[in-house]
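Only one chain is shown below, in structure tokens, and it's the form predicted alone.
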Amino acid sequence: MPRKSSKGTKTSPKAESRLEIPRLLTVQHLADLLGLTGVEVIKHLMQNGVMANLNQTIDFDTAAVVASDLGYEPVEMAMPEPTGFTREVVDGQELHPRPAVVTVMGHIDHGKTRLLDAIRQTNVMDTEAGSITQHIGAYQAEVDGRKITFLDTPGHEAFTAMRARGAKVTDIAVLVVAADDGVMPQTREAIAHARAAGVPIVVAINKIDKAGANLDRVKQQLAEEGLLIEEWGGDTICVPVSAKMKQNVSELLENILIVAEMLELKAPVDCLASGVVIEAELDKSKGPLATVLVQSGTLKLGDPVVVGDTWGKVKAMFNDAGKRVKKAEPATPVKILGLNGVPQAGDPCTAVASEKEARSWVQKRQQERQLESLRPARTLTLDRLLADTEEGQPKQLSLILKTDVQGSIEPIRTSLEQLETEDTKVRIIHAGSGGITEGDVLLALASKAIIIGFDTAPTPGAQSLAQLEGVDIRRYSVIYDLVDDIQRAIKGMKEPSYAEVIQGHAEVRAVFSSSKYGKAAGVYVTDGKLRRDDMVRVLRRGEVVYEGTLASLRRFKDDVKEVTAGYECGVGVSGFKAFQEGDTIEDYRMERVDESET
């Protein structure tokens, strides 16, 4: 952040000379640029309220204050942009159909892993059927010659963690619900995470082979969660399956393909690849390994790649069956070797033109992240979320509600939803009982939501993550306090109403040239008053010809703030030069209306 310059004379003999300063640099580096000792620079920083040692990194704004004090004109050093770096789809690239990327989610022990294994065994060659343990966190199934890519992620929290870091990797979510167990807490969480991601949901009711299976009960529970299945008049596809018996697995895949067709998924093929890291590890013998889902373009053997804060050259690629491959097209998962470090899940992976370019981009990314770490965290507070809503759009307050007992959810949900106004919508993204978890914090981060805890507390891990990411957790023990707090926030952020108040009128009696405004007017204030910087209209024969700001107001040779009725003055209106004698200038202001008094 820019800091106020310390007072005193500039000591540098090189007054007004330009000094290029990097976006990030150490105190010692700044001392070298200024030709001073490190101690002298530290003293100047202290005078400006900055405590730093020689090896500490500071940003350009902080360094610029010191340089300015010493008589330099600080200029931020421009980093050369590498050529050929493809972040987005290249304009004009031909798009080709690609497989859908599917994530399977649901409550623990409802059969997610068994279903994934059943899909894999049903759709691969017999020689690969025994190689389930070789899969790489993502794999492809084939139905009637068409492929589907499945992400084998450890539940909805990992799914949302990647999305919170900006990685949107999933096209379709498959929700697994056990026919004998029904909708459970983690089922509701999975629904909330899929909805927050904005992806269509396909329901797989598993374990239909068990004695206690009750399909109608599960369908009713799904309807209560807002997932009305097709046979009940809704639009949610629901397929009863038995992963254990491999029953209806093919039907599930066919329905996934139907949803994929409706999405019309396409991506460019003939360009440098870009994708996202699904998982990464450090292998003792092979070094850093990263599982990458290619999202556009084609990743080829030998391509230089930038992966998060690491880079390398693709020395080898393996598909989900462990076989070496030479290329990977969109929606294809591959494990790659050749990186110089281990990236994080959710990191972007992009192929570039050369190793030199890869090194350059990694350096730039590292500097950007270091600069970001120097800035204060942007907290997701209640008022800020409401204020940040795009202009012209209804404000939306997204909440995650956690309570001590299940019975408290409905009355609180009802009370909060009743606070909706025409301008502000209240959306309960997820509601559940129990402690506030790291998954709740990740969901809030990805969905820009506030967490409301009623008679419940965050886990230590959730509290730490919330502080790190700047997620607002509000805790209450009295429902009235909770509702009043939200109501005050909504009322405070509601778009205010304004009424127009006419301040005065003036008649244009002369028009003359102005060096600053081009044309100015000599006017006589007929009623009220004119105030500098007020809004004004220029009226000609009763019609508005211009609206702007009263930028200049002069009496004789003096600038004045206002002129009242009965006096003459000279005026200039910003952006207007076409005054004519006889025009009327109408001065007005907008006053806020206190709706509580109406």
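Quick caveat: nothing in here was measured; it's all calculated off a predicted structure. Numbers for residues come from their place in the sequence shown, where the first is 1.
What comes next is about the form predicted together with a small molecule, which is not displayed.
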Q: Check each of 360, 296, 310, 242 and return the one that places a heavy atom within 4.5 angstroms of the small molecule in the model of the complex.
A: 242
Q. Taking the small molecule in the model of the complex as the reference, which of 263, 108, 215, 468 has a non-hydrogen atom within 4.5 Å?
A. 108
Q. Where, among 449-457, 472-480, 335-343, 202-210, do residues come within 4.5 Å of the small molecule in the model of the complex by heavy atom distance?
A. 202-210
Q: Decide whether residue 112 counts as a contact residue for the small molecule in the model of the complex under a heavy atom distance cut-off of 4.5 Å.
A: yes
